[in-house]
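Listed next as structure tokens is one chain, alone, in the form predicted alone.
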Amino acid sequence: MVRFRLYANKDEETAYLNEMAARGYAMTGFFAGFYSFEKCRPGEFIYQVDITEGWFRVSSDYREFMQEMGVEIICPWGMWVILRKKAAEGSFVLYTDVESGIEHYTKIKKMFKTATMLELICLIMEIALAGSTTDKATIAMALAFISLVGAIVIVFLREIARVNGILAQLRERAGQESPGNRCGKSNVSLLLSLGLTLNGIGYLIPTGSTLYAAVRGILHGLAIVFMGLGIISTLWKRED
């Protein structure tokens, strides 16, 4: 069985994998948003998602450490690695103390900040490209890229805000930060990200036929609606 999901929030991804395992489906592979599952006994496995120190790989020391713990490495993907352990062998928690939790989420925050900076650089380059040409096809591709990258940046900013909230709570528990500095929820609405995504997809559709033009028009129309709702929702949250 294959299911498609996209997660920036590794805690939500972990919850999803454990929910599927509880229903009797063990995750066995992942590629570009597509999760592969096979039948298992309900609740047979416990899953965790960890951050690695390299892209699409884990070190030999990390692999050996997990083997000693009885943990199976399912697959690395990007900066993440998906792990599982048989539930019969006991609980499966990667970071049990406050200090290790702070270190873990600090790494995640740095990863998202780096990714956001790279996306913003790409965004600036595409804006410059769109402004320096009169070719309609090139402009359309640039606008599609700008919209899709903008949608990704919003998701990343929301995740940075969420991780900031987790870090604030952990540091408060460790006596490092007062409750007044807590911040864990981004004001930027996901509706804005959805609108940008639809807008980008619309620009990727060819204009060579009436059908394509109609679909493109519908997508752009929906994009305007969702972006408008996203802006209103974002401004409303800021006022609150």
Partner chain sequence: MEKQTPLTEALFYILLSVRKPNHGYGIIQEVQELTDGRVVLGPGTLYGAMQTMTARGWIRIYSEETDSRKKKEYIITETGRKVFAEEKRRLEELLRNAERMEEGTW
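Numbering follows the first chain given and starts at 1. Just so you know, these numbers come straight off a predicted model, no measurement behind them.
Although not depicted, the form predicted in complex with the partner chain is the subject of the following passage.
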property: Residue contact check: Phe34 to the partner chain in the predicted complex, 4.5 Å heavy atom; result: no
property: Interface membership of Ala213, the partner chain in the predicted complex, 4.5 Å heavy atom rule; result: no
property: 4.5 Å heavy atom contact, Ser132 to the partner chain in the predicted complex; result: no
property: Close approach of Glu72 to the partner chain in the predicted complex, 4.5 Å, heavy atom; result: no
property: Answer option from Thr114, Thr138, Thr106, Ser100, heavy atom within 4.5 Å of the partner chain in the predicted complex; result: Ser100
property: Stretch from 58-66, 189-197, 167-175, 26-34 whose residues place a heavy atom within 4.5 Å of the partner chain in the predicted complex; result: 58-66
property: Residues in 40-58 close to the partner chain in the predicted complex, defined by a heavy atom within 4.5 Å, in order; result: Glu53
